[in-house]
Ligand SMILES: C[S@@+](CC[C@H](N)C(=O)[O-])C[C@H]1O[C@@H](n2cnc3c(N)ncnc32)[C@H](O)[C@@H]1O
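One chain follows as structure tokens, the form predicted alone.
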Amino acid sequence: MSISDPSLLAPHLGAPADVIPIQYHAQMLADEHRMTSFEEAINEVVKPGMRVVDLGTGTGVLSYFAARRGATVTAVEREPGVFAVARAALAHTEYRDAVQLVHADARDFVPEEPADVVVCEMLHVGLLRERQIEVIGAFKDGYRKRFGSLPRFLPEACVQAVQPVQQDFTYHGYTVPAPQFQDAFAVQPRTLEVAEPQVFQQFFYGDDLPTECAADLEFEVSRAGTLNAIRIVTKNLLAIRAQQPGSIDWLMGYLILPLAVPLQVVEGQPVRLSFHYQPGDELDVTMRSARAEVVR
């Protein structure tokens, strides 16, 4: 969900907090950057005859991409309404016999046969809200016990950065400092970049997974203003190319989180930003821990 956060509405629609209702999957399908990036990455990684597992398949589109490459796919989805939509959509494709849909919790699933590639897109900006780390961690534990090794993961890695910003939270004279999502490829006239972003976390999914997302970084102010928010940037390295340098990436939409105590800053001033939370936490956990201070 690179621009909006549909999962925030799930509790009000009778679904568990970490389930995205089906009406919001259309927004993800319409996200051209997300769709193009995953299609390109799957085309790069998946070869004919491979076995692919798709954890939390949603509407099944990533399983469809893999089946179109000649793979045999096991697609796992626990939410009944979304599962039914995936089953109906895949049934209308010529690759329906190549995809086995499994109605189960991805955290408990281990395939009967070894997989070549595991796709898991249960992602939220900042690794918040959704269960990407929890699901892949549980899958790795079960898979190792059964097969003794690990397949290739897609995404392969994650890089996270944070940026101090001045955000205009006033609308028609009414001020509401609330979290918001931004299109990473659009001009943001309400946002003033106070300093350049810095990376606070990076890891490979095949390695040890993080138990915490935390930053304690010093920035040099490049533009005077009111530092009243942080902008979290999450880039997913979907596939690292073997034959040529570089990777196929998915840059998610930015997440703006207001600071409880704004800070007046001037150009050239050193400031420190800090926060901490666990993967899957709610947004308010990050906001409660976020601090900005002038370095003396």
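These numbers were taken from a predicted model, which means no experiment stands behind them. When you see a residue number, it is the position in the sequence shown, counting from 1.
Heads up, the form predicted in complex with the named molecule isn't pictured, but that's what we're talking about next.
- Message: The chain here is shown without the named molecule. Which stretch in 189-197, 129-137, 221-229, 202-210 comes within 4.5 angstroms of it in the predicted bound form, by heavy atom distance?
- Response: Flagged stretch: 129-137.
- Query: Is it true that 34, 76 and 105 each have at least one non-hydrogen atom within 4.5 Å of the named molecule in the predicted bound form?
  - Reply: Yes, each of 34, 76 and 105 comes within 4.5 Å of the named molecule in the predicted bound form.
- Message: Please identify the residue among 263, 28, 257, 248 with any heavy atom within 4.5 Å of the named molecule in the predicted bound form.
- Response: Flagged contact: 28.
- Message: Going by heavy atom distances of 4.5 angstroms or less, which of 101, 82, 98, 215 would be at the interface with the named molecule in the predicted bound form?
- Response: It is 82.
- Task: Flag residue 253 as yes or no: does it have a non-hydrogen atom within 4.5 angstroms of any non-hydrogen atom of the named molecule in the predicted bound form?
- Result: Answer no; every heavy atom of residue 253 is more than 4.5 Å from the named molecule in the predicted bound form.
- Query: Would residue 62 show up as a contact with the named molecule in the predicted bound form if we use heavy atoms at 4.5 Å?
  - Reply: So residue 62 counts as contacting the named molecule.
- Determine whether any heavy atom of residue 20 comes within 4.5 Å of a heavy atom of the named molecule in the predicted bound form, and answer yes or no. It does: once the named molecule is placed as it appears in the predicted bound form, residue 20 has a heavy atom within 4.5 Å of it.
- Task: May I ask you to check whether residue 156 falls inside a 4.5 Å heavy atom distance of the named molecule in the predicted bound form?
- Result: No, no contact at 4.5 Å.
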